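Same chain, two forms, each on its own as structure tokens: structure 1, then structure 2.
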Structure 1
Amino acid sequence: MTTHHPLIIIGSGPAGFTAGIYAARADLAPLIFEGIQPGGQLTITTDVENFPGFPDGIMGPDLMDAMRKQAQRFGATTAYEMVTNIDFSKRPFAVTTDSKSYTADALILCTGASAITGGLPNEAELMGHGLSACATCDAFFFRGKEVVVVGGGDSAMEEAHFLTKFATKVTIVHRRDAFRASKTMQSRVLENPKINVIWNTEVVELIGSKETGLTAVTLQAKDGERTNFPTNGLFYAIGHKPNTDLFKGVLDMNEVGYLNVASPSSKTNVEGVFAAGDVCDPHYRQAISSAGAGCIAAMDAEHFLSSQVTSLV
């Protein structure tokens, strides 16, 4: 049996839930699929101190739970289902999950992007407890401490430079003998007295626990020699992967896979399909910017659906 909804939102997090709030208040009764990580990346973030309205900060999972309840209060339905296929070729769009089939007159895609990490065993346990993939989000918590940045591109240079505003020392660990970053970014980092670089080396182990936080990392040089390097924090800056595999070959995206939208709108190249949040934002990746984008997508979807009704009259 197939269930029909005027609007389906795929993905949660600040973008998905904000889209849900605005769409529900517009009487669109949206269905939100929360996906593999209900609440998005903020559910693995401990303290969120830069989201407006919370002067004392708020735990990431608590913020997402509050957004979920707010969307539900206005009439949004949330489902813990994983979307496995979408037929964009005709309207209503056909959406298949791991358990059911649905159709929708419009879609908002908020599937986000996942930080690329080192794939080490206890990363999930230490994420938010000394381990991070966003200096802008978490640097404040490392004021007066020593941290490590992994990476060699422009993102790594930007993260390291930003962290020097808070940390007493920043060590960049890079597996090669030269950075890939632009010359300007390299110069800014290499000339900073608070930044040290360890070349031809990889982080192969994280030492610590959720209770103690990260206390050290194990470094392995090219010759195989291993050493323990004490640190209070490690920031991965080796890129993000947008969660857009479902949309390949249909929706326009850049060379990395981020969806292209007709800015300042949230429209994709398929009429009736909108996108918001990290799935189409390779630059800012902040909870507040994602929430704003979710608002825009819901308003675009509401205008689209209203125009469809008007055209049928």
Structure 2
Amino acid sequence: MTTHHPLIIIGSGPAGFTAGIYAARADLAPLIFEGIQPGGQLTITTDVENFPGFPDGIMGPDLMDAMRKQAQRFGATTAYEMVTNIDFSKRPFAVTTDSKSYTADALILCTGASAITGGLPNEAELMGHGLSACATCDAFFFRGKEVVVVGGGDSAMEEAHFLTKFATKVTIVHRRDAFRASKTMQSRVLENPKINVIWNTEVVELIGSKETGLTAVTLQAKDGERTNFPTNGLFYAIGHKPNTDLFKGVLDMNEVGYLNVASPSSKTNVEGVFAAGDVCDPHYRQAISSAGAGCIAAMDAEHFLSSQVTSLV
């Protein structure tokens, strides 16, 4: 059986839930698919210190729970389903999930982005056995151990700082001689006696197996010199890629897969399909900018849906 909704929102990060709040308050009774990571990337972070309204900070999962409740309070429905296919070719759009079929007059895509890893041969084997892309999720397993963090952005700083609560030593391996992270985050890391930085260096090999766990990495300096670096854990913090595989070949995207929207609106190249948050934002990628974009997408969707009704009258 296929269920129809005026508006379906795909994704449950700050963009998806904010779109849900605004759309629900506009009486669109949106259905929000929460996807593979309900609550989005903030559910795997700890303290969120820069979301306005929380002078003492708020835990990421708590913020997302509050956003979900706020959307539900106004009539949004949330579903723990994974969208597997969307037919964009005609309206209403057909949306298939892992368990049901739906149609919608308008869509808001807020599928966010996922962590990038280094692409080394035995990553799949070692993931969860010393290898991770989420310190908040896995740091606990490295109590009393030594770990490496790869990257030089805010995520790497945040992960390294968080890991010092558990690990005895954290080594940041960065491919350049300067971090791109904000000054505040950099200072926090550089002043931490448990954190050491190896500059101008890349991790080129992971040593270990599922049975032994990660035991060491091979580091390669800019001049090509290779060294064996014993470690129990490696955390990638080298950025994210947009979750746009479902939209390939239909929706316009840039060369690395971020959806193109007709700024300052949230309109994609398909009428009735809107996008918000990290899925279409390679630049700012903040919870607050995503929330703002979710609001814009809901208002755009509402205008679109009312124009359809008016044109039928």
Ligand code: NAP
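All residue numbers here follow the sequence of structure 1, with the first residue given the number 1. Since we're looking at a predicted model, the values are computed, not measured. So that the term is clear: the rigid core is the largest set of C-alpha atoms that superpose within 1.5 Å between two forms.
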| property | result |
| --- | --- |
| Label of the structure corresponding to the form predicted together with the named molecule | 2 |
| Angle through which the smaller rigid unit swings between structures 1 and 2, given in whole degrees | 60 |
| Core-aligned Cα shift of Ile238 between structures 1 and 2, given in Å | 3.1 |
